[in-house]
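Encoded as structure tokens, the following chain is the form predicted on its own, with no partner shown.
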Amino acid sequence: MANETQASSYYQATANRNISTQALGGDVAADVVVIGAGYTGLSAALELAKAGFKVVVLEAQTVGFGASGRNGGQICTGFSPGQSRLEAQLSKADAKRCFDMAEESKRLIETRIAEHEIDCDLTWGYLHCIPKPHQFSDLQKWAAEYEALGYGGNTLLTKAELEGKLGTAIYHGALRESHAGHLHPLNYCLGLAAAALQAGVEIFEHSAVIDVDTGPSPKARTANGTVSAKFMVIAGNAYLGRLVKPLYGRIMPVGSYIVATEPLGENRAKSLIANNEAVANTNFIVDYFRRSADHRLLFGGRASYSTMEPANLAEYMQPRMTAVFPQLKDVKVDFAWGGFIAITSNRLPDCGRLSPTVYYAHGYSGQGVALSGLYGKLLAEAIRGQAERFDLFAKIKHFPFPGGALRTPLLVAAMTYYRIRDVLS
């Protein structure tokens, strides 16, 4: 399994808040019980508490233990498969509404950071880099699609122009977004938790839910207590496991890995990424990287469907990093960690109701830093009786992943196919 501690995480080592709450003990009543103290659950809890609801959050480990505290920190635009996948299921007008809400998710991040004084190194600017020359036409189509959606501030960069921004020659051009970027994901999550606590939310850490009643009167049971509520929000994402049987096959946990170098010094860090953008290549199995506030390089990728973490993550990831930046072969890796993100079969987030009182959202497919906060807000809107926006996303159809003994082998085979495709494209 991917590393289930954060002892080697750069984010844990540089956390600037200490959120520590007790475990649930005894029976508690609430208006809403939320399962999971990541971005989705905390976002929903914060919105509901501000509206006067009594909210209890149950977290199996600690705040931000899952993907919300482990991810690459990259704030992306839209949805992983692009607009065409949305337009295949919704009208073009409704697909545009979905894109506009995805853009709202970025503004929501900015608003919450400002309102709650969350120190999380928010930085705007994003480079999508192509590994092969012929892919420049794909960037042109991508830029044209953004223009048609009214999303401006994007620039196409030639290979020569890109080499003036990155300290590598392996890419052949890029699309630069000025309205996507990066942040310190765990500090952002801890900031949301602090805001939720201040708003009156009760958060119980080390309170794994072992059984749920998803009927008209929802109930969540832990080893040491229960929470009875009028509504339930299920926000466990890749860490939900088999707790809620109807949701098990709808998402797949995917391992993703990140390393952080030793501090490089400001000048050397700038020589790698001159303007401090977030960077990713355009392969199906992406490499992504960025600078940290203390002048390290954070380099991630190498997604795995097997759920088996390599024995030595630093040795596993370092060749990927030095293939992009050969000048870092002498650099020490200080931190290496992994965790799960959740994907859906069509790479669009999955949300809906299990009953009139039980809501869920998960499966952000690599774009959860922004989208999970939006979906948390939409969950809160729906519980408050304003479900139009939530219901638009709930209309999207999702096919379950194959189950049983073939589930993981089939996806490992699929990953091998996409690795070959990336090489040969």
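Quick caveat, the model's predicted, so the values are computed rather than measured. Note that residue numbering begins at 1 and tracks the sequence as displayed.
If you look for the form predicted together with a small molecule, you will not find it shown, but the lines that follow are about it.
Under a 4.5 angstroms non-hydrogen atom cutoff, the small molecule in the predicted complex lacks V331 among its neighbouring residues. Among residues of the shown chain, L298 is not one whose heavy atoms approach the small molecule to within 4.5 Å in the predicted complex.
Proximity of I396 to the small molecule in the predicted complex: non-hydrogen atoms within 4.5 Å are absent; the residue sits far from the partner. Under a 4.5 angstroms non-hydrogen atom cutoff, the small molecule in the predicted complex lacks L272 among its neighbouring residues.
Contact with the small molecule in the predicted complex, defined as any heavy atom within 4.5 Å, is confined among 261-269, 68-76, 315-323, 141-149 to 68-76. Only one of the listed residues (L46, V369, V32, L374) places a non-hydrogen atom within 4.5 angstroms of the small molecule in the predicted complex, and that residue is V369. With the partner omitted from this view, the residue of Y171, W124, Y288, F99 that lies near the small molecule in the predicted complex is Y288 [heavy atom within 4.5 Å].
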